[in-house]
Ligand SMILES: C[S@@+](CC[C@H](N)C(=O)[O-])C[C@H]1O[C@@H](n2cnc3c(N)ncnc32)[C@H](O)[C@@H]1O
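Given next, in structure tokens, is a single chain: the form predicted alone.
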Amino acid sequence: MPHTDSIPAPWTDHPVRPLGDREFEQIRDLARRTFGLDLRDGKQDLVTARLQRLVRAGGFHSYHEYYRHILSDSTGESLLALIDALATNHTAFLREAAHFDFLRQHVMPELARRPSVDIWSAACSTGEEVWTLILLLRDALPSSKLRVIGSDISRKALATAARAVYPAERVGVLPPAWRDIGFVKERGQPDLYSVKTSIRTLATFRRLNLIEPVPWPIQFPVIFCRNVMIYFDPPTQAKVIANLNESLEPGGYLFVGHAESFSGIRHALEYVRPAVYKKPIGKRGGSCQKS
């Protein structure tokens, strides 16, 4: 049996004991403490499916051995691999298109006189939201200096975002003018499109854990943080909302997923419309309220 304090020699074929209730609770607690993921009851099969490759590749005979190894790995690499495996990275270009319509119609006119505009795409996953925002900003604010910061907990997702190469069917949902401005076919691979350099230079990507204090030196007029808080329990949601609020300038807008609700959570934001909130003007933090 391998020593749990070091990575054992990998075996390509060896029995791994099924994920037990106690091991599930250990991994569940670790995920909640380290990056806020709420693995609800009944998610044992999901955890098994997403972690079994790491367990087998490490030569562990049980999920408890694997869990012990994560705790003992002082480099933090094993924990990052766990996060990459458990994080859900589903997104799309123009996902929840009503948000982009509201942004163009109601928010862009407020930003039109600014010489520069920075927007934060929190939980940007594989980058589609970042590129959609940049294309909209270029279209709506042609005279402004633009930057969209994309952050995510998953290194794997961020690597895909930075690579900025996507299947043609995913890019196809964008308006033709945006496709022409933003993308070029990959040489020798007609089914793949890559983001043009002129668009890439307007994006910055950074790994960030939303349950930790956010280190930005500026506040943003717009933050997108969509379809990630559904994976958090209410106390973690409240912590994330507070962190986002600190990074939002007075009068700024926070966009969340349409499946997400602040109901029962104390926060300092004003409700605008479903999945859109605004920070009160004249208050850095705002007074807390319960939705």
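These numbers come from a predicted model, not from an experiment. The first residue of the sequence shown is number 1, and the count goes up from there.
From this point on, the text means the form predicted in complex with the ligand, which you will not see here.
> Taking the shortest heavy atom distance, is residue 194 within 4.5 Å of the ligand in the model of the complex?
No, no contact at 4.5 Å.
> Given that the partner is absent here, does residue 232 sit within 4.5 Å of the ligand in the model of the complex, heavy atoms only?
Output for residue 232 is yes: heavy atoms within 4.5 Å of the ligand.
> In the model of the complex, is there a heavy atom of the ligand that lies within 4.5 Å of any heavy atom of residue 70, even though the partner is absent here?
Looking in the model of the complex, residue contacts with the ligand do not include residue 70, since no heavy atom lies within 4.5 Å.
> Test of understanding: in the model of the complex, would residue 209 fall inside 4.5 Å of the ligand by heavy atoms?
Answer yes; at least one heavy atom of residue 209 falls within 4.5 Å of the ligand in the model of the complex.
> In the model of the complex, which of 245 to 253, 221 to 229, 261 to 269, 51 to 59 comes within 4.5 Å of the ligand (heavy atoms)?
Stretch 221 to 229 is the one.
> If the cut-off is 4.5 angstroms on heavy atoms, which of these, 160, 144, 204, 88, is the one near the ligand in the model of the complex?
It is 88.
> Which residue, 92, 173, 140, 111, has a heavy atom that falls within 4.5 Å of the ligand in the model of the complex?
Selected option: 92.
> For this chain shown on its own, do 23, 30 and 44 all sit within 4.5 Å of the ligand in the model of the complex, going by heavy atoms?
Checking in the model of the complex: none of 23, 30 and 44 is within 4.5 Å of the ligand.
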